[in-house]
Each structure stands twice: as structure tokens, then as C-alpha cells.
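Here's a solo chain for you in C-alpha cells, the form predicted on its own.
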Amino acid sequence: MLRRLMMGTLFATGISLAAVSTAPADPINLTIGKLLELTGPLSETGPSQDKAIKLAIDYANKAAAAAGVDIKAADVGADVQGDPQAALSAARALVAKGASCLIGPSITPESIAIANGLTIQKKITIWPVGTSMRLRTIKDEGTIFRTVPPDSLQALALVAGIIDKLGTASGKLVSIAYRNEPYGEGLAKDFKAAWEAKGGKTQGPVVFDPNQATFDSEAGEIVANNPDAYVIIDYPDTFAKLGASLVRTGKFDATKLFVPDALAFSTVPGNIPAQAIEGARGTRGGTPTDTDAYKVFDKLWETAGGAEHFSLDANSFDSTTLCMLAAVAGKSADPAAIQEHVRAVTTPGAPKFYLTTLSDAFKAVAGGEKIDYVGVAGAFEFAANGDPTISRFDIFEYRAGKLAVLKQIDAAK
């Protein structure tokens, strides 16, 4: 009855149903929270992550305006300090300021604390930069998406990188060491299994407490038996001390060292001895550098100045863009609407859109279409657990204190 009365009123006033259905959507004012490692063991990552998110918001705001889509995003940030409790407090502060989705943090125990203590209940998506598989031990109810490749794949990339240097895994001894926390533990375990499956041998792992006063004993264990390679999984603050201890052994050869993404610097920090890292190789989540999207991203980065590139900055840029696209698809800044529409903008088989066609992507999702957005770091098409199906990695080497990418590989089980 109410519907008939409304229809009669509309016809009586000369307003058609078609006009009502195509009326402009309500403006979307979206707040994106930045969970940044500004202090603590991964403080080297904070400036680049902050810059990546800001650049993404600015670029997407302009693309949406050009498309006539009424969304405007702004950012709020907080320091997670490398500590789970501090990270939860930071997340609560951002949500209190209206954040509908959260980009970061970089350390998995922080993400777990935030999810269990806040975001699962409120259906707020978080987009961690942490790669540990420990993240997938909790029931996140579909609230956690990662645009970064998980460590189960990074372990395979490390294996490939070492084989590329040594020529084979068969019979080659790798000494494994890691900082005692989930990132190190999980990656070391996966690497050991993958290396031995290729016919290689391992010793260790040597497990060290980041808070201990000296690392001389652990350094001696790492270089024992003159291994063919070392895999050391650490954060910058600790490696400055461990690296010095390794050099003091007189037996350490940095050209045998392989490190994962947490030790991937554009420029090696001054507190890490050159003898501990010059000539070392490593892996990090890779970004195709020959695409138009990467060229746009890199130009934005260089034009803005400030922080240098750091591992996974393109992934945080992509996470921010996906959050905005999902908000437009859901026609709301409500966290639940964003969560429900992430997969609508990363749908396998749907029309593909890129950073260079972001305005068209906004138009499409505003019109109710499903799309497959391909980010700077590549396509995502999230698996059931919210991890990406991408697996590209950089194999890099430190030369004169700078990171030089040697090649890119696709790691796959």
C-alpha cells in the first residue's frame, strides 16, 4: 500500500521512477587509518608506508573526482611502536577518529592483537604488511586482507635465490638463524623444509632474543662448519648488533648471506657494518617495473620527494586503493559495507582495470559492476583466507650500500 501511495505521489509531481533510481549517490567521506611502525624494531619502514598511503589517497581522490564519483578519503595515523598492546591502542584511537579500514601494521602479533581486540567485532578490514603465516591461525571472519605475498611463498623465493647463487641445493649446507618471534620462526621453518626438499642440508636454527646484550655466541654458531650460505631472518635494529658480532668472528663472508624482506633497504642504514651486508643477497615482495602502473607510481614517488622506496610500499599503495574502490562498490564508508565488497573489486574473470584507468574503475563500481583491479604490485584475486594469489619476488643484492634488483621470479608451490 505504501509503495502504491509513493508511486502515485511521484507520478503526480512529474518525477519518474527512473529519475529517482539514477539520482546521485550520497557522498562518501572515508577515513583510512595508518598503522605505522614509526618507532620500534621496524621503524625503518614507517616513513615509506606513510608516504605510500598518502600518495594513494591523493591519486584516488583525483581519479574519483574526474569520474564524477562522490568519494573523498582522508587519512589518520598512529605509531604502533612494534608492540601488540600499543598497536591495539593505536587502532582504537584511529577508529575513534572514524577510520573505516586500517592499512598496516608490519608485525604480525600486532595485527593479531588488533583483530582479536577490535576489528573482527566491528567488521573493520585491516590490510597488514606483515607476511607471517601466524596471522592465519586466527578466525578473522573475513576481515583481514593482505596484498603482500605470505612467507610460505617467500621461503620458496629464498630457496630459488640461493640456488641462483650456488647453482644447486644438492649437498649444500645453509646455516639458519632468526630473531625469536613469529615472523622469524615461521619463515625459518618453511625455508628449512623447502631447502631440504631440494636435497640441501641445514644447520641450526640459531634462535636469538632481540633484547639480549650481546650476540657473539650466536654469531659463532652461525658461521660454524663453514656453511655454503647463511639465511638470517631479523629486523634492522637487531641486525646492526648481530652483524657486528658476525664480523668479529673473522669467519663471516657477507657474500654468503641471504636475508628476507624485513632487511631490504633502498640504502643500508649507517649503523649496520658494511662488512656484514655488502654483497649479501635477499628477497622481497616484487612489483613489476615494466608496467604503465608502476611508471605512474614511481613518478608520483619521486615527485613527492621524502622517504625512499622500501619493501612493500607499492602493496600498501594498492591496499589503500582497494579500500576506496570497495567503499564505492558498497556505496558507503561503513566498515561492513567495505568488507562485503572487497571481492567485488578483485573478481577473477571480471573486466580488468589498472592505476592508469582508475577513473574508469570508479565509474564501473559506482554503476554496480564487478571488476578485477590489478594494482601496482599485480593482480590479487584473493584466496579464501584473504591472502593474494600473486607470488612475484625480487632477488636483490647489496652493492656499495644500495639495493640492486638482480631479477624477479614467481614463487609457487
Partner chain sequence: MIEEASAPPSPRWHSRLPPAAWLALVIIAALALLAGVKGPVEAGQATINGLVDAGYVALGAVGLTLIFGILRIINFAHGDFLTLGAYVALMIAASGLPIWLAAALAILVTAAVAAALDKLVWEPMRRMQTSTLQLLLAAIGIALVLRYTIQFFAGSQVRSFGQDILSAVNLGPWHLGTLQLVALLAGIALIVAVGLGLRFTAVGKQMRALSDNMALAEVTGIDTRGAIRLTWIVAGALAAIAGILYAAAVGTINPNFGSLILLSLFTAAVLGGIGNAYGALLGGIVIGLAQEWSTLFLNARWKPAVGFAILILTLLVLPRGIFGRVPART
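Residue numbers count along the first chain shown, from 1. All values reported here derive from a predicted model rather than from experimental measurement.
Keep in mind the form predicted in complex with the partner chain is missing from the figure; the text below concerns it.
Is D209 close enough to touch the partner chain in the model of the complex, meaning at least one heavy atom pair within 4.5 Å?
Taking the distances in the model of the complex, the answer for D209 is yes, it comes within 4.5 Å of the partner chain.
According to a 4.5 angstroms non-hydrogen atom cut-off, is S89 in contact with the partner chain in the model of the complex?
No.
Is there a non-hydrogen atom of I163 within 4.5 angstroms of a non-hydrogen atom of the partner chain in the model of the complex?
Flag for I163 set to no.
Report yes if any heavy atom of Y178 sits within 4.5 Å of a heavy atom of the partner chain in the model of the complex; otherwise report no.
Taking the distances in the model of the complex, the answer for Y178 is yes, it comes within 4.5 Å of the partner chain.
Every residue of T39, T214 and R248 near the partner chain in the model of the complex, heavy atom within 4.5 Å
Checked in the model of the complex: all three residues contact the partner chain.
Among 367-375, 64-72, 380-388, 39-47, the region lying within 4.5 Å of the partner chain in the model of the complex by heavy atom distance:
Residues of 39-47 come within 4.5 Å of the partner.
Have a look at D334, E185, E340, D253 for me and say which one sits with a heavy atom within 4.5 Å of the partner chain in the model of the complex.
Exactly one residue meets the criterion: E185.
Residue among A240, V268, A307, I120 with a heavy atom within 4.5 Å of the partner chain in the model of the complex:
Going through each option in turn, the one that passes is A240.
Can you tell me which residues in 269-289 come within 4.5 angstroms of the partner chain in the model of the complex, by heavy atoms?
Read in sequence order, the residues that approach the partner chain (within 4.5 Å, in the model of the complex) are N271, P273, Q275.
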